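First, one chain by itself in structure tokens, the form predicted on its own.
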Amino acid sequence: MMENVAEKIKKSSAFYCLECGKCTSVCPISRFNNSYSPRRMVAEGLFYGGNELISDNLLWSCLTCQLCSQRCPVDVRYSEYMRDIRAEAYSQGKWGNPSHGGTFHYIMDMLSSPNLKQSRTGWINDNLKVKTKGEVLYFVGCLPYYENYFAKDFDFSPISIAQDTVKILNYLGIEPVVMDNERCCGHDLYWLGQLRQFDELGQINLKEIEQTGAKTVVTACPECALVLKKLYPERFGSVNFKVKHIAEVVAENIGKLKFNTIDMEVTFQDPCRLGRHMGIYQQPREAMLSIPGIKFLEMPHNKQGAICCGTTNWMNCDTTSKQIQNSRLIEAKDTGANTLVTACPKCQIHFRCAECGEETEKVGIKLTDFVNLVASALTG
């Protein structure tokens, strides 16, 4: 067994694998691609030394959604195992199939340069109140880049999520800090095993945040929330600020938010990072149910059992990904809801991509982000 692979197996508790197959039975990838199995990926490392594993293109297909780990009876940390094996593969020049021509991987590499200066706040209009120093900071994430790439093709404005997040905070009397030189949080780099680049981005972001004096960081992206709340402390030690997803902020301030009546039947996509990674399930539901006229219809696979949106890290997006997305959209439609609410920008991008593509039949359910829904219902 390769020494580095052996270390990673031990670190993730993969040695305890019972080969019971519970991971494979719930894996969204395995459901549509019988060549992929979490159990097999562990076995390749355990019994065959890892040589074949690091060259296996399916290594990059894992969604790190943690549905398998939730079912594992011996607590194998499969997502961490995948991350670490990918790091070993990357160090040997192995790579998967980047989607969108690798655009977002190039952006992440570019943003890790400490000498890069940006101007990311052109989306802030005259109706939004922000500042450069203060106790509450809004971490925007990659929405400005997504706007330039996806807005035209998908009839969807990712930057509207940022604008409506500020609108909600302003409604609560908060003028958040927005950083002109904020970088990508590095989420995708972390799960792809590019930990050096992740650390470079993290150190830059932490320095920028520290200079603002922020005590609370709010984000509308679950991936950013996970990175800021858990992964930065994991890599760099404790941080001097709290982290909240905007769904938590809304749920905490339901009594302060006044809503118009909106007659909508909605269902909700639990993002993997918001849900299984951070345990935030009730807050977005409580927030939506506080809006008069909203009828909430739950999908059969929900909360801890929710199915991922089908692809992650802008990697290995293929027919299997489209089948997962199409299946999830059908499940949402079958609830009787006319709108699927997402709380992660990438979830909406991936579902819209599935609806626009030719690989699957169109389901025809409307899509909106949690933030856009809440902001559209505010009075005044």
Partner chain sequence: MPVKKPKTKKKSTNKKFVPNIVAFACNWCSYAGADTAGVNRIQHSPNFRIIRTMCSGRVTPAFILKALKLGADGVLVSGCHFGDCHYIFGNYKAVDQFEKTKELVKTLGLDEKRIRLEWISAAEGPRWAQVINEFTEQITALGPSPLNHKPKFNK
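Numbering follows the first chain given and starts at 1. The shown structure was predicted, so the numbers you read here are calculated from the model rather than taken from an experiment.
Another form exists, predicted in complex with the partner chain; not displayed. Remarks below refer to it.
- Taking the partner from elsewhere, S290 is found to have every heavy atom lying beyond 4.5 Å of the partner chain in the predicted complex.
- Using a 4.5 Å cutoff between non-hydrogen atoms, I124 does not count as a contact of the partner chain in the predicted complex.
- Proximity of L172 to the partner chain in the predicted complex: non-hydrogen atoms within 4.5 Å are absent; the residue sits far from the partner.
- Proximity of S119 to the partner chain in the predicted complex: non-hydrogen atoms within 4.5 Å are present.
- From the list 242-250, 226-234, 142-150, 280-288, the contact stretch for the partner chain in the predicted complex under a 4.5 Å heavy atom rule is 142-150.
- Comment: the partner chain is not present in this chain, but in the predicted complex one of I107, I254, L297, I262 has a heavy atom within 4.5 Å of it, namely I107.
- When you look in the predicted complex, the only residue of A87, L111, A214, V178 with a non-hydrogen atom within 4.5 Å of the partner chain is L111.
- Residues G93, W95, H100, G101, G102, T103, Y106, I107, D109, M110, L111 are the members of 92-111 with a non-hydrogen atom no more than 4.5 angstroms from the partner chain in the predicted complex.
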